[in-house]
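Only one chain is given next, in structure tokens, and it is the form predicted on its own.
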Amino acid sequence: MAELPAVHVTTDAIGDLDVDALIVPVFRGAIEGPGTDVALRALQLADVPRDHDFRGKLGEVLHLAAPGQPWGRVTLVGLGRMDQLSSETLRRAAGSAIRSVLPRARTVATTLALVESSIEAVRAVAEGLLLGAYRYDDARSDADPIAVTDMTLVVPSSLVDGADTAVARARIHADAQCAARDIVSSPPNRRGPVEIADLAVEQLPDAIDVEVWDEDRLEEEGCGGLLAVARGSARPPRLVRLRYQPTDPVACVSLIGKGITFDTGGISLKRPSSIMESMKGDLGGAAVVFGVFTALAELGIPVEVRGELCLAENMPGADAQRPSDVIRMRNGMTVEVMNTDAEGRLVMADGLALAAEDDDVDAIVDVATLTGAAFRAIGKRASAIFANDDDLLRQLLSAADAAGEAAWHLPLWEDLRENLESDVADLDNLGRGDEAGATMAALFLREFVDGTPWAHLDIAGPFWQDEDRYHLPRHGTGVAVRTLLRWLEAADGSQR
């Protein structure tokens, strides 16, 4: 990953800032009103040209020259309507602004954190700047460094004592999210299951214990889901088991990540072929869990966290599993494979069963790019959350809100459970009928948690996007990393 810029805080007057670009927020509609005139006079800008296409809409930018000033130019960024201001609008505006100045500036300052006098606003602006500055360049033969090297936040003097800590935590969260982005965006020929397992061994912090199960160990341990999905590929599967153990943990949780390093659909080949490009990102859940583990020790998370990265490639090779095959899972249940493109739940089932075997685990959360039905239900900008425990559900929804990552609760309808019954095995991996596909997948996963409090995050919508949007880049977004970190930070009530 390209190194993200440094972020500093200051209470200096804007006239004392010697930077290439100054980013100034504008509320929607204010560009033509007295509020903007006052702001521009404060910047000592004379004869400012008006672009009447700029209205201060959220994320909209307008670049102005600033002759005679210590900053080379001013970038106005829209915040949208004043009555809709939130930490997330600040995060999005910061991301849009920094992307707009990346090609031209090395040093940047912004007054965005002055709009709302709170530590959370400082943190949101810092996250937006860092996440917006990211780009994936690792596959280029001659990658250019990120142009911006230093970013400065002007903060109220009343917040200066806590601002550095807020920025430091923002950086850890952003680095973790960008680590997930790198994995999702990287070319699939460069990172199959073995390569992702090696990445965990080589790059996760020393505080994380890493154990890798190869195909022989998976056979010994009865992980039939991982083995069955990988049969059609020349690349063998891997299960990466992670453990972070702080002193005197307040709880113990397990995170399970779906890691299909490329998903053709297997014999049930995906159609149309135009959707195939994004299937390099079907390991998005495993990437999220990987990203979370990069940050745990540095954040001082008070929770013991265990992880399972369930890694396989789903290809239609000569030995690929077939529709109507029956496989035996880690927990002994048998599953009839009705569709080989419903493979993610098979690899996840083994990971969930392993996590549920530990009596000291207080909660299990899985993350997966699992179903198109999820984003058809709630759109591509939000994650769907299913849970068998109301308290865990509330915690995760609150964490998602704090992180600015949209999430929506979808139900586990008991009446649909009978649709998972198979004529020849314990379960069917698809479910009869063509209804509630996201719920059917979640009900399938629930069979493997043995009653442990559990939540399932279906990130099939927001894990990937086709163009830059605010602080989120084209392709892998890393969505859900900051939600899970916020959830873990809040475990002892010390961080919110």
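These figures come from a predicted structure and were not determined experimentally. Quick note: we count residues from 1 along the sequence shown, nothing fancier.
The form predicted in complex with a small molecule is left out here; the points below concern that form.
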* 4.5 angstroms heavy atom contact with the small molecule in the predicted complex for S254 -> no
* **Non-hydrogen atom contact L370 with the small molecule in the predicted complex at 4.5 angstroms** => yes
* Asked: Though only this chain appears here, would Y134 touch the small molecule in the predicted complex if you measure heavy atom gaps against 4.5 Å?
  -> no
* Tell me, yes or no, whether R345 is in contact with the small molecule in the predicted complex, where a contact means a heavy atom of each within 4.5 Å. => yes
* Structure fact -> Answer key, the small molecule contact in the predicted complex at 4.5 Å (heavy atoms) among S100, N339, S422, T107: the residue is N339
* Structure fact -> in the predicted complex, the residue from F386, F375, Y244, W213 with a non-hydrogen atom within 4.5 Å of the small molecule is F375
* Asked: So which of 53-61, 455-463, 66-74, 442-450 is the stretch with heavy atoms within 4.5 Å of the small molecule in the predicted complex?
  -> 455-463
* Can all three of K258, K270 and L430 be found with a heavy atom no more than 4.5 Å from the small molecule in the predicted complex? -> yes
